[in-house]
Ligand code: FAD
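The chain below stands alone and is given as structure tokens, in the form predicted alone.
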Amino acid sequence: MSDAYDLVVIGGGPGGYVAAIRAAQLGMKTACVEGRGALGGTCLNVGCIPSKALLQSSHHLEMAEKEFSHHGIDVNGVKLNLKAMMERKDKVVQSLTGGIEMLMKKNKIDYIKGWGRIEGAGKVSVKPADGKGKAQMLETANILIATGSEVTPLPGVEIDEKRIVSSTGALSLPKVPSRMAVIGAGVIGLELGSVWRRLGSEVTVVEFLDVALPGMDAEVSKQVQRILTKQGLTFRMKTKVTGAKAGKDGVTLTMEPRDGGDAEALKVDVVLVAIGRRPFTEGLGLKEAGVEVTDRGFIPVDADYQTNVEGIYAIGDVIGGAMLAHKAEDEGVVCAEIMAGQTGHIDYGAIPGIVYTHPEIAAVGKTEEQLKKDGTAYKVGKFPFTANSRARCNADADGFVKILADAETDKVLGCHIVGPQAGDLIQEVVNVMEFGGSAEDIARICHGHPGLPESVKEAALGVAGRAIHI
């Protein structure tokens, strides 16, 4: 069977399905190939969406157990129904994946369930997802690789998704482990570690580096580790994991100090491996098609997201950079527009990163450490949520807003937030940065009172040393 398309997208995650929709809007005959059996990729099926559902549910449980009484609400006999919590999470995922299928039909995109392989420029074969039947051959003017990423393995630690789990297994544990070890103090480790800690597990986070959330502003990292420690997480920093052995009664995790010292063992019920992700390109036929790949598995592209082979493009996690769903979505839109003869661009310096622990953490632009390394003269404005009236009303006042601005031009260079609804608050600063705005621009905008966004305004005022409420 042979079909002719203007574009075949391999991968139905955030980057792939969004690119397919934008291409269809632009009049391109489009197909989207996905072998998972459900659209939405890792993010929707076993990543950011189910994890956020569990983060909210577990937060509600902890609020009922520990915080309601402070509000004059007496609740007796609160208990966890893990089965119901997991069912709710699954329903959220199912409703969203079904919604994407409806968008495919609405935009007249052919959704082909199967595993795509590039057979050369202009040709994609699709093997049925169930492995039965013959492969379907698609002819197309353009091919877009949007296959995302997979869990990075750790030598000596074999994932079985039962006792030793990846983020996928950690989203579906049948019972709350008494003790859990999380290898990696990055975004995934801290979010899922927070979920199971709230549900009753004793969680130890083991990190090779010196700080949690490596790569974030150092002050943010220190504050986050301090807050999460207070909440009950235990951190073992500068520690190297050397192995993990699963048995009937749990897992023995072996580790040693990174900088030298005696080895030790930690006995837990479940180990979560969360040391990062790597590009997923297995079975795509890239080598045979002549597509260049780096030694780390990433696909180099030019300014138009085209690989070294004409007509073959790539976006999202497979091309490197921030492994974020919204970054992949924007790349998908711009890439489709370029294919259609339009122009587009992305300001990679204005892409926010968010961690959905409690409190949330959000960042955009440069950190203080990066600015110092670059030799950039900058000013800092910082405002604590303890001085924000809405945060105090909500009894949710941990953290701060920090804005970094150019010392001469006042242009906003970065913003870092630890606090309530940080992921929403950061967007104001993202918008200002996209328009090349200054801290003074934010400071002169009227913010509603009482509101959490007032903390952003106060931090902007602080850049000029004129914050009002501190």
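Numbers for residues come from their place in the sequence shown, where the first is 1. Treat the numbers as computed from the prediction; the structure is a model and nothing was measured.
The form predicted together with the ligand exists for this protein as well; it is not shown, and the discussion that follows is about that form.
J.: Partner absent here, but in the predicted complex, which of 367 to 375, 299 to 307, 107 to 115, 389 to 397 has residues with a heavy atom within 4.5 Å of the ligand?
T.: Contact-bearing stretch, as computed: 107 to 115.
J.: Sort through 54, 443, 405, 46 and report the residue having a heavy atom within 4.5 Å of the ligand in the predicted complex.
T.: Filtering the options by heavy-atom distance leaves 46.
J.: Pick from 142, 201, 221, 149: which residue has any heavy atom within 4.5 angstroms of the ligand in the predicted complex?
T.: Contact residue from the list: 149.
J.: Quick check: do 225, 359 and 425 each get a heavy atom within 4.5 Å of the ligand in the predicted complex?
T.: None of them does, since no heavy atom lies within 4.5 Å of the partner.
J.: Does at least one non-hydrogen atom of residue 58 fall within 4.5 angstroms of the ligand in the predicted complex?
T.: The answer is no: residue 58 has no heavy atom within 4.5 Å of the ligand.
J.: Indicate whether residue 29 is a 4.5 Å heavy atom neighbour of the ligand in the predicted complex.
T.: Residue-level check for residue 29: no, no contact with the ligand.
J.: Heavy atom to heavy atom, is residue 379 within 4.5 Å of the ligand in the predicted complex?
T.: It does not: once the ligand is placed as it appears in the predicted complex, residue 379 has no heavy atom within 4.5 Å of it.
J.: Are any of the heavy atoms in residue 411 no more than 4.5 Å from a heavy atom of the ligand in the predicted complex?
T.: Although the ligand is absent here, residue 411 would stay clear of it in the predicted complex, with no heavy atoms inside 4.5 Å.
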